[in-house]
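As a starting point, one isolated chain is supplied in structure tokens, in the form predicted on its own.
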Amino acid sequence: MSRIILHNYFRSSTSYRVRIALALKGLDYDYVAHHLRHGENRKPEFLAINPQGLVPALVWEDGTVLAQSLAIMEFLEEIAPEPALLPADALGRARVRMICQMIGCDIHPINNLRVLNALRSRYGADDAEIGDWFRHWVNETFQPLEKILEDSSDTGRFCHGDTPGMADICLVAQVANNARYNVDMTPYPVISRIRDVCMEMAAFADAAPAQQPDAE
């Protein structure tokens, strides 16, 4: 049986998500780095793996390639259901997916590297303007997310209950990105508490950007 291969980049928050999920599931994999700032993800050899040219890309044991971190995590949940990353009940699963999509659909797509690079190259944005853009779109979602987590009895030690799951994975990866753009986390005590609890676990800490072989 072939090894699982994860094509990723240490600083990519979506790659961070998949690294955490693989660690929580206890799945070993080969780490293949592609430096996004050097354009390695646009080389023909990687485009042959993922024509979209994005990381992460997971090559499963049979050679099938999966892209998009949320889809990869859902796949891992199905083929390795323990420990579970989604609740057993339908409403719980929907709530966790809602939190994941708030981060994965409302923050990440407009704050990822290719969008920030386009703001520079097409519209002449400087570093200060890029930082303002990033923080604005984080706060647009973190403000309601903080209230959702604060007000719900479903919130426990983690985003949903007392075991880590898919929502926590997305939250931790986003907070890691926030630090690079000086997002003030003071208004988000619940998010910060959950992040801190997660980082006490090896699966989250060992998957962190600074711990990866291509970290700079």
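Numbering starts at 1 and follows the sequence shown. Because the structure is predicted, anything quoted here is derived from the model rather than measured.
Heads up, the form predicted in complex with another copy of the chain isn't pictured, but that's what we're talking about next.
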- [ ] Pick the stretch from 183-191, 157-165, 61-69, 31-39 whose residues have a heavy atom within 4.5 Å of another copy of the chain in the predicted bound form.
- [x] 61-69
- [ ] Decide whether K43 counts as a contact residue for another copy of the chain in the predicted bound form under a heavy atom distance cut-off of 4.5 Å.
- [x] no
TODO: May I ask you to state whether G26 is within 4.5 Å of another copy of the chain in the predicted bound form, using heavy atom distances?
DONE: no
Task: 4.5 angstroms heavy atom contact with another copy of the chain in the predicted bound form for P144 - done: yes
TODO: Answer with yes or no whether E82 is in contact with another copy of the chain in the predicted bound form, where contact means some heavy atom within 4.5 Å.
DONE: no
- [ ] Taking only heavy atoms into account, state which residues of 190-210 are within 4.5 Å of another copy of the chain in the predicted bound form, ordered by sequence.
- [x] none
